[in-house]
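First comes one chain, alone, set out as structure tokens in the form predicted alone.
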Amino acid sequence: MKDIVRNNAVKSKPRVLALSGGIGGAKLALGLYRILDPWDLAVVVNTGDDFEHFGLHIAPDVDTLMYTLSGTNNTELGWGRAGETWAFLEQLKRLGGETWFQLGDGDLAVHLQRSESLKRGNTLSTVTADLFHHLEIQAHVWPMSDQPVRTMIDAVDGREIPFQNYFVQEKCEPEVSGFRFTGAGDALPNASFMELLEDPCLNAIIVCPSNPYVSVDPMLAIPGVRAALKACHVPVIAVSPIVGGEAIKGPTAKMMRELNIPVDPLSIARHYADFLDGFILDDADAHHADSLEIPTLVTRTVMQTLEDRDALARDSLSFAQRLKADKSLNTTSAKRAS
């Protein structure tokens, strides 16, 4: 990590944009945060997982990123805060309350602060920036929209299940037949996100190895986002969340099987094909590289240590830099030809 004093850094325009869901995406976002200068990183976070619980606005992916970048995340569980206590949940259980969603005492304070601020009329973007500020995180972090978009799971048994109920309460057991993003059609993408896509300071866009169907697709479902990524002047690259026919974390592979989608990196690349300029595969999937029709980087993508996160971040940015040079060259050649 660079020898920098983050608290005294001057806020600057971001040079790198990452699209992220929860745990898997946050790992790469942390690597980018560690190797970039303060405020050089912007992250747009999925809020399709957000829901209301006990009258509180819960934002699981935003909070996972917040705890990860601040170094307060529980690395053993992969979610929540390190050193969390559970007095509230224990008392709630004793009183017969619902305890399927794990609310730690410190985590509860975050949800309470967010909810109270939203009730005072602040936007989710403003509230998120304030929370990240208090945890001294020097990156631009934006929820994908200030309007509610809710991911719903269409189950084979005919039910429509809110994502957190599917993911936590039912432990991803129901077989899925599709997904819906309620409210996406009426939502507006985060304004700072859309402005950055046209900013000459931007050098790269990285789609983190998050679940394409329930972490990235909610962002892409908001009108204008997909087209803006396609038109962006800088390379858009994605890191495959599938390694060796399985997902490193979460239900991505299970969902793909249930939807009859081949569980391999090629399916992920095809999913993003209309706006993707480059794709990153794990060494275990090097044999797929020749089947891709876009520039491909083969490297280690499994992030078990901080060093792994930093290495993948460096590889991603180096790859994007090469693609940017090629893109500029191609654009110049096309202009000369015309």
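Computed from a predicted structure; not experimentally measured. Numbers for residues come from their place in the sequence shown, where the first is 1.
In what follows, reference is made to the form predicted in complex with a small molecule, a form of this protein that is not presented.
Asks: Quick one: does L103 come within 4.5 Å of the small molecule in the predicted complex, counting heavy atoms only?
Replies: Within the cut-off, so yes.
Asks: Would H111 count as touching the small molecule in the predicted complex under a 4.5 Å heavy atom rule?
Replies: Yes, H111 sits close enough to the small molecule in the predicted complex that at least one of its heavy atoms falls within 4.5 Å.
Asks: Given that the partner is absent here, does Y166 sit within 4.5 Å of the small molecule in the predicted complex, heavy atoms only?
Replies: Y166: no, not in contact with the small molecule in the predicted complex.
Asks: Tell me, yes or no, whether P60 is in contact with the small molecule in the predicted complex, where a contact means a heavy atom of each within 4.5 Å.
Replies: Close contact exists here: in the predicted complex, P60 approaches the small molecule to within 4.5 Å, heavy atoms only.
Asks: Counting only non-hydrogen atoms, which stretch in 116 to 124, 234 to 242, 93 to 101, 152 to 160 is within 4.5 Å of the small molecule in the predicted complex?
Replies: Result of the contact check: 93 to 101.
Asks: Looking at D107, D264, D217, D146 here, can you tell me which has any non-hydrogen atom within 4.5 angstroms of the small molecule in the predicted complex?
Replies: None of the other options qualify; the answer is D107.
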